[in-house]
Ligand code: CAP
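Consider the single chain below, provided in structure tokens and representing the form predicted alone.
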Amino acid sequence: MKEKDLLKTLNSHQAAYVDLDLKDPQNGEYLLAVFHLIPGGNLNMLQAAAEVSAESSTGTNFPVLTETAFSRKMNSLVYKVDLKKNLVWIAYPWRLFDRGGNIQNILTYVVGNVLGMKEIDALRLLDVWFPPAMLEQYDGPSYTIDDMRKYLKVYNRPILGTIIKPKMGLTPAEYAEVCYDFWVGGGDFVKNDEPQANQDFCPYDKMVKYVKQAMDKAVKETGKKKVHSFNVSAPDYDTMIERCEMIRNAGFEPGSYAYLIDGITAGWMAVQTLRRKYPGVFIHFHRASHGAYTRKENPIGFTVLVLSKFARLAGASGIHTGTAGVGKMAGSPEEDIIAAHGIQQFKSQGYFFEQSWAGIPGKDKNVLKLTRNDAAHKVILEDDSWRGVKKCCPIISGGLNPTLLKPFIDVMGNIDFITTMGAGCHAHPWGTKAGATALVQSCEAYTKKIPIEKYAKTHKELAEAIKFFSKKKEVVKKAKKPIKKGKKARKK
């Protein structure tokens, strides 16, 4: 059926949530969203889209007598459909949303109850667009990777980090020792793994105390600043703030610590609380459980790009965006890199929308200048933050090692990120310190435009890393080959 024929199938309730002649959806009144939608039951594409529009804004499955003329103006509107690709564009009056800059409130509408509707067999939010007037209502990042670069005095390369491994089970002293080894090996940034909390074998207060001592010793020996990202996710608000204050009062230098929050499992309120209470601290958004929503094979959920855009809007300084097929995590170069660029650039192209993060008119000469300077990798929005939303840093982790740094940079297209290699450093045959040094040497080879194999001839730690991780790759390849001599392979 054609669109005009589909319009005739709508009942009066559904028709109130559709306007295929909506003029200028990007006039600033609407948040725009594009969904992949497969109807459920006996509904056609436009009927299902109308039901989604109703459920995700003002309506329900039946018209109600309590509706008013004003409430109808808050209806979201299906304004475009692509019947061949099962795509639906919906415009949401952004006045619907909590004017306190509340991210969870938006998501409760747009990807809330709608994901559980019987009227759909598949519903995936692919892209969103925020109008300038709406951007002004939300926090955006305060402390950015540019601020961290100033503190570390690192400008011409990625920030080199690690995740302490094993993920869990080390005592505070053992944990601090691994931090120290990585830092004296040349690394910049250490993070708690996302489940780190206040376990009996690793009391939180002792872990903080010993990390501070290890950092002080490493800084004294290397003459270089270091950063540690502490997981402050907690069972309640008071405990989260108590952990933040414990870190802040432990004697750490401003800039030397970050607050990591498990943004999806702890919740958007926790993310925004940290951003508002601690604007001078790098807010590190770990996206544990995101795959339940973002994996491509999921028929219901949203994309990595959508998650990352909302993290930037919420004020996260950085969020994990995937390894773009280079590491171990699921995710293609297209989906991970488009998300990374979507949060680090002042103007970025998504799947369907070009998002400007400017808070003033896009044709303003100052916005054009900001866009040019950003494209030239210059620091922007330092003393004119009213003009736009600051950048959010892609944090790259999951199966990377020193041999994969350049391949990832090549896919990423820039060096404006934090890489956090776990086993990629700690599995080095000579230990964590050598693993960190190998990572630094790999980065040096990249900046000097020397192949790592050639650079390794005069850098033994890198040579050993290449030997070890290449061997591991061969082991994996061999393991994937079918077993010969008539033996049956075990089923997964």
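In case it trips you up, residue 1 is the first one in the sequence shown, and so on. Predicted model only: the values in this text are computed from it and were never measured.
Although it is not shown, the form predicted together with the ligand is what the next lines describe.
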- Quick one: of A423, I38, A463, L43, which gets a non-hydrogen atom within 4.5 angstroms of the ligand in the predicted complex? A423
- Select from the listed residues G251, P279, G399, P132 the one whose heavy atoms reach within 4.5 Å of the ligand in the predicted complex. G399
- Query: Among 208-216, 269-277, 224-232, 316-324, which stretch sits within 4.5 Å of the ligand in the predicted complex, heavy atoms only?
  - Reply: 316-324
- Item | I163, D193 and H290 each touching the ligand in the predicted complex (heavy atom, 4.5 Å) | yes
- Message: Considering non-hydrogen atoms and a 4.5 Å limit, does the ligand approach R312 in the predicted complex?
- Response: no
- Classify R99 as contacting or not contacting the ligand in the predicted complex by the rule of any non-hydrogen atom within 4.5 angstroms, answering yes or no. no
- Message: I'd like to know if R295 sits close to the ligand in the predicted complex, meaning any non-hydrogen atom pair within 4.5 angstroms.
- Response: no
- Message: So, R72 and the ligand: in the predicted complex, are they within 4.5 Å at any heavy atom pair?
- Response: no
- What are the residues of 272-286, in order along the chain, with a heavy atom within 4.5 Å of the ligand in the predicted complex? H286
